[in-house]
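Given as structure tokens, the chain that follows is alone and in the form predicted alone.
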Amino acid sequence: MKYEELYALLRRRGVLWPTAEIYGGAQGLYDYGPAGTLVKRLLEEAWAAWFVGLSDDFYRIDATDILPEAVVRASGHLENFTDPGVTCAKCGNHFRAETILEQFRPEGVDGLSPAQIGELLKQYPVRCPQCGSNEMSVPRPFNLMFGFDFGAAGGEKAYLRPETAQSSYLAFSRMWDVGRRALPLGIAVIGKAYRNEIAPRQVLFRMRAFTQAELQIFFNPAAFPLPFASVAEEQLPVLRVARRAAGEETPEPRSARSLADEGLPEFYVFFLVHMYRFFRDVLRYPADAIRLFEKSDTERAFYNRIQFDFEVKLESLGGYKELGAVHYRGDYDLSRHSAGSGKDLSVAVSGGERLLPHVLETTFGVDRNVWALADLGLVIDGERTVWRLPPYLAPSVVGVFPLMKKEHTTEARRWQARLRDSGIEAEFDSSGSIGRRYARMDELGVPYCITVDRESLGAPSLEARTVTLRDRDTKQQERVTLDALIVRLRASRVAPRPIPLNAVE
């Protein structure tokens, strides 16, 4: 589905819309409607079950969005969290250099100096997207953080957090005491991060306020026991730096074992597999649309030793887009915060040795994946549009219809009430024909619909009565009782979960 069509459908069905829409919108800011709020929440829950549920020693916390200046200074964001920006000399509009050059240099401009980017602007026939002028300024670094005065006197400086990861690093010392005082220790945060994007675009992909789901795993690099044999033969669609240097852009299948044999740490490859399975098995993205894109020394973030971005091919946005990543950050974060705070963040491990834990990070863009679920899942099936969401990610699991509004509404409401009493989301709809109601539910991704009809009223009790159950994907229908319906709907709401690491020690 094309970008404009997809965005229009998501607005119409209450998934998302621009913030302050009646005022013309606010660039880079979006609100979720009723359907989008539910999909987003269920996506976050599925992520937490898959990643935080991997170990009894992985915990989720809820931390503040505001950070004192000392934190972002120590983390390196005050110095390094920049994007090169250019300005049109004619109309004065500002743009990210990467955006201006993307049609001429698809690999981006990560690692290039402002002078090198300036030479590219001269080399290619770059024109301003707004006015068409070719007079673009020399790129300059632009810090992406939102800063503000803090406190009544205004003497302190604070920042909205640029990534949720910093909250986990700040909590590490406290969580060491809260947990089992043992490594590995995982700290997860699902929450807002803020970046003052130069030129927000592509709706949920370049936002100024967005939701991240990140797990920071603190570990001893000399002893990180993982069941690598259980993932060793998994084939991953990998695009490594050397292959890109040879001009290739398509991934090649590589076993996890072969990547480890080439020098990637086993603990790192294990989590590459774990995230790949989340995209393929939980979100149900087509395997041939996923690639693991290795960042080079000059491309990866300043805090990373190893970085693979998880990219998925999205028709609405014209190609592969980053939806998540696995980062090996070494001891960068705790060493910086140890120096910045003056607090020793090393911990004692077996044998009494003290060490500063290393960090492995899995990061996941929640908003981007809401868009990806729509891009990959919304399909045209004959005369209907169907959002093939996994049932455990659908905004509602079942639609409840009376066949005839006058005769069957009371009974349909009883079914809806019993389903809700059983903890099952059920959406009532009596507006328009049955066909129109099915169409609305199909567009929202609701996996099942039940219809109460004359036959439903034939038995003396609700438990003995039946309704027609329709499957969204197959359109097949069958008669079911209330008890059978509840069992099926509950089972459909359970997302896949991994085998916990503690269970295979």
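Because the structure is predicted, anything quoted here is derived from the model rather than measured. In this text, residue numbers run from 1 along the sequence as written.
Quick note: we don't show the form predicted together with another copy of the chain, though the next part is all about it.
Although the partner is absent here, Ile198 sits close enough that one of its heavy atoms falls within 4.5 Å of another copy of the chain in the model of the complex. Another copy of the chain in the model of the complex comes within 4.5 Å of no heavy atom belonging to Gly382. Contact between Arg420 and another copy of the chain in the model of the complex is found at the 4.5 Å heavy atom cutoff.
In the model of the complex, Glu478 stays away from another copy of the chain, with no heavy atom inside 4.5 Å. Every residue of the trio Asp31, Ala74 and Ser173 has some heavy atom no more than 4.5 Å from another copy of the chain in the model of the complex. Partner proximity in the model of the complex, defined as non-hydrogen atoms within 4.5 angstroms of another copy of the chain, places exactly one of 319-327, 293-301, 250-258, 186-194 at the interface: 186-194. Only one of Ala209, Ala289, Leu403, Leu121 lies close to another copy of the chain in the model of the complex, with a heavy atom inside 4.5 Å, and it is Ala209.
The contact residue chosen from Gly147, Pro221, Pro141, Pro227 relative to another copy of the chain in the model of the complex is Gly147, the criterion being a non-hydrogen atom within 4.5 angstroms. Residues Arg11, Arg12, Arg13, Gly14, Trp17 are the ones in 2-17 with at least one heavy atom within 4.5 Å of another copy of the chain in the model of the complex, listed in sequence order.
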